[in-house]
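Below you will find one chain, with nothing else, as structure tokens; this is the form predicted alone, and questions on how it binds or moves follow later.
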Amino acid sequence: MTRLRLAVPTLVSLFAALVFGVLLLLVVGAPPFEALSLLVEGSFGSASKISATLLAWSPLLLASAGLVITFAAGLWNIGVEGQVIMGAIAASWVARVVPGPGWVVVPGTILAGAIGGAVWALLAGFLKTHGGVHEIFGGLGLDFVAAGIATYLVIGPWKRAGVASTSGTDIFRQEAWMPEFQAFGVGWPVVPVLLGLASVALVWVLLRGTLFGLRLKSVGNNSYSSFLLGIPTNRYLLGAFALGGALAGIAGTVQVTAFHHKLVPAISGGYGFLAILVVLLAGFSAALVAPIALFFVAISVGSTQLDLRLGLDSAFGGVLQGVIVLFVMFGGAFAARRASWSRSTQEEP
């Protein structure tokens, strides 16, 4: 009964968001039910569309799993976008310079991506723990720096021969591509999906079944009390940054080796910021990240059909995502306010 009572505000908020989305479609003159059916068809209507949805799902899973760790430590890791980018840059370096077969190069890109993301996250961590810079400000600043480095490499040292274009570097050799499983006439992103699901499972076990996870949540709930109990809070904060950044960096690896097969300036695809919305909507729970991330990705991938079939800008998918998060946040705030009011009335004599 308690779980049902907690779920009611979320369900009501989702219904309200759906109603609001339908009203928006009516305002712009689009048939609501046809538009919603096109979203589903665009993301799950064929084997190739399902494959594309799963490929887009994987980096979002990885980035979201990393954010669950940092949120558990009480950290607003807004720098996750930059960590995705630096992971992609590090993986691109390996793909460009390391020789050998795929079974050597691909694991090397994954490892490099994890290191790149972790190092970039630790920069924000050291700014917080040793420089007193809040992780939001440090992370945002590092996001811009990472984006600038990616653009510089694409139009500078890694530019295509004789071309200074922002369209990206040369395509990586196929040995550096993440392998696909061929079935039903399409290639399936098995490796990226397994990496994403494994990251969520790892985070769930880490936070629920280990001493590290217990202490990390203790630091997140009350860092001062944790310090008084003998927990090295700065070490745990940096550990959370490193783990979260490593997973975000692997998300960048997926972007360059499984999707684009090259480095492009907008390599993050906005997955870092979208992952923040996913984790907020999941209530910081690793168990809910996978289905919510799939829902968000389905909207993003399926929204391309709105432009093709209805002449409606595909950006409507992003509007719908934002509306859903906004309504759920309102619902959560209302539920918290109601619970606080209920406790205060019970405590009155």
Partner chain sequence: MVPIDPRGALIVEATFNSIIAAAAPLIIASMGETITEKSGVINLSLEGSIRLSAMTAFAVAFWVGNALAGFAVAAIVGALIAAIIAYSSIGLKLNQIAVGFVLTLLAIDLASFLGDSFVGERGPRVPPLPIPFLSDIPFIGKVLFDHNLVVYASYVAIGATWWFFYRTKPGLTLQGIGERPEAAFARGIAVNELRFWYTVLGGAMVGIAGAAYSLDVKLGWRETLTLNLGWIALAMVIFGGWHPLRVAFGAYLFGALQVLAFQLQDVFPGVSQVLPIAPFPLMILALVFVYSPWFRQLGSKFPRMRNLLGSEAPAAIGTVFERE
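Numbering follows the first chain given and starts at 1. None of the values given here were measured: they were computed from a predicted structure.
Not on display, but discussed next: the form predicted together with the partner chain.
With the partner removed from view, the residue among G162, G185, G131, P101 that has a non-hydrogen atom within 4.5 Å of the partner chain in the predicted complex turns out to be G131. The contact with the partner chain in the predicted complex, taken as any heavy atom within 4.5 Å, belongs to L127 out of L127, V119, I110, V200.
With a 4.5 Å cutoff on heavy atoms, A16 does not count as touching the partner chain in the predicted complex; it lies far away. Proximity of T151 to the partner chain in the predicted complex falls within the 4.5 Å heavy atom cutoff. The closest non-hydrogen atom of I155 lies within 4.5 Å of the partner chain in the predicted complex. Contact check for F181: every heavy atom lies farther than 4.5 Å from the partner chain in the predicted complex. Contact annotation: the partner chain lies within 4.5 Å of heavy atoms from the stretch 139-147 in the predicted complex, the single such stretch among 93-101, 139-147, 187-195, 237-245.
Contact check at 4.5 Å (heavy atoms) against the partner chain in the predicted complex: all three of L24, F273 and A333 pass.
Along 74-93, residues W76, I78 each place a heavy atom within 4.5 Å of the partner chain in the predicted complex.
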